[in-house]
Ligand code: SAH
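Given next, in structure tokens, is a single chain: the form predicted on its own.
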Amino acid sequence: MPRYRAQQIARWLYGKHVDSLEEMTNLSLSDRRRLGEVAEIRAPRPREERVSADGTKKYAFLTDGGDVVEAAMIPDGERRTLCLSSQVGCRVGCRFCATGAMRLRGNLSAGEILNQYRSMPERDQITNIVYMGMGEPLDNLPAVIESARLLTAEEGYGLSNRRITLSTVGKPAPLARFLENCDVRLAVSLHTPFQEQRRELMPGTRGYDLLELMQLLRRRAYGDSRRVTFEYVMLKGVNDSPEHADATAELVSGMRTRVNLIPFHPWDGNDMQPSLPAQIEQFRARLERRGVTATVRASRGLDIEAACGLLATKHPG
């Protein structure tokens, strides 16, 4: 086919969101037939929708492999944030996360990741996208890089890279490759400044050194002006002590960063407890006194299990 066909096809796919090759009317009939021999458009609508009292919505999508993955849409004034997934389950196994308790059931293709945006009923209202749903994005690196490229590329969906954030536990080698290929914002799951405790809370991080990760973040993420957010789930009697706050401040000292404190959301089968609001506020204030910007994330979608750490699905029956 002529080279300009690629741009025409991209406009139909990402600009006009067509559901079939037959709708690509500026392609010749013979070209559409040739394309149909090697490609098809699969953009399944959500199989389930749940709506929270606070306006958050959770959608379940059926994957090509017959499993189910969840995505959440979180409204906040004029802002609409889509929290999308990159895997079914997760191999990191964070002790405080319901997704980790599922174990890893499979990677999503770039198309399955993109479809959570493409087939979201509120697609045209979405202002921000976060890879913070099910899965560890860096464990599915090729599909995540490709999906992020198509979300931001002019020939793709053309979204601002400053409106997209990837959340990761931060394995240094794949993180370095990601930073080389994607210019989006970064959120790193920290949860404790102490390496051995972090390995206990997040078993999937046992293969690398926390200080190696911090060196990479200082060297790469800040060399191109991207501020990194550190995520910190607050667990009662586990990681909410003054010593944890001081060590966290020391770990990120000198970095242009923010620590986002996240209340733990209990779930069936987990005996951990959330830190009390007063303890979270004391932790936040202690970080601020040490010169670290710290915020507390508001819990959204709790009543439909769409809040942070609660996305989890069973095999469809």
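On a predicted model such as this, the values are computed, not experimentally measured, just so you know. Note that residue numbering follows the sequence shown and begins at 1.
Keep in mind that the form predicted together with S-adenosyl-L-homocysteine is not shown, yet the notes after this line are about it.
Asker: Going by a heavy atom distance of 4.5 Å, is Arg286 a contact of S-adenosyl-L-homocysteine in the predicted bound form?
Answerer: Output for Arg286 is no: heavy atoms all beyond 4.5 Å of S-adenosyl-L-homocysteine.
Asker: Please tell me whether any heavy atom belonging to Val88 falls inside 4.5 Å of a heavy atom of S-adenosyl-L-homocysteine, as the geometry stands in the predicted bound form.
Answerer: No.
Asker: Taking the shortest heavy atom distance, is Asn140 within 4.5 Å of S-adenosyl-L-homocysteine in the predicted bound form?
Answerer: Because no heavy atom of Asn140 falls inside 4.5 Å of S-adenosyl-L-homocysteine in the predicted bound form, the answer is no.
Asker: When the contact criterion is heavy atoms within 4.5 Å, does Ser167 count as touching S-adenosyl-L-homocysteine in the predicted bound form?
Answerer: The answer is yes: Ser167 has a heavy atom within 4.5 Å of S-adenosyl-L-homocysteine.
Asker: Which residue among Val69, Ile262, Val259, Val252 has a heavy atom within 4.5 angstroms of S-adenosyl-L-homocysteine in the predicted bound form?
Answerer: The option sitting close enough to the partner is Ile262.
Asker: Can you tell me which of 30-38, 53-61, 264-272, 286-294 lies within 4.5 Å of S-adenosyl-L-homocysteine in the predicted bound form, counting heavy atoms only?
Answerer: Comparing against S-adenosyl-L-homocysteine in the predicted bound form, the contact stretch is 264-272.
Asker: Using heavy atoms and a 4.5 Å cut-off, decide whether Tyr14, Glu112 and Glu146 all contact S-adenosyl-L-homocysteine in the predicted bound form.
Answerer: Not a single listed residue reaches S-adenosyl-L-homocysteine in the predicted bound form, so no.
Asker: Determine the residues of 126-158 with a heavy atom within 4.5 Å of S-adenosyl-L-homocysteine in the predicted bound form and present them in sequence order; the list may be empty.
Answerer: The stretch 126-158, when checked against S-adenosyl-L-homocysteine in the predicted bound form, contributes Tyr131, Met132, Gly133, Gly135, Glu136, Pro137 at the 4.5 Å heavy-atom cut-off.
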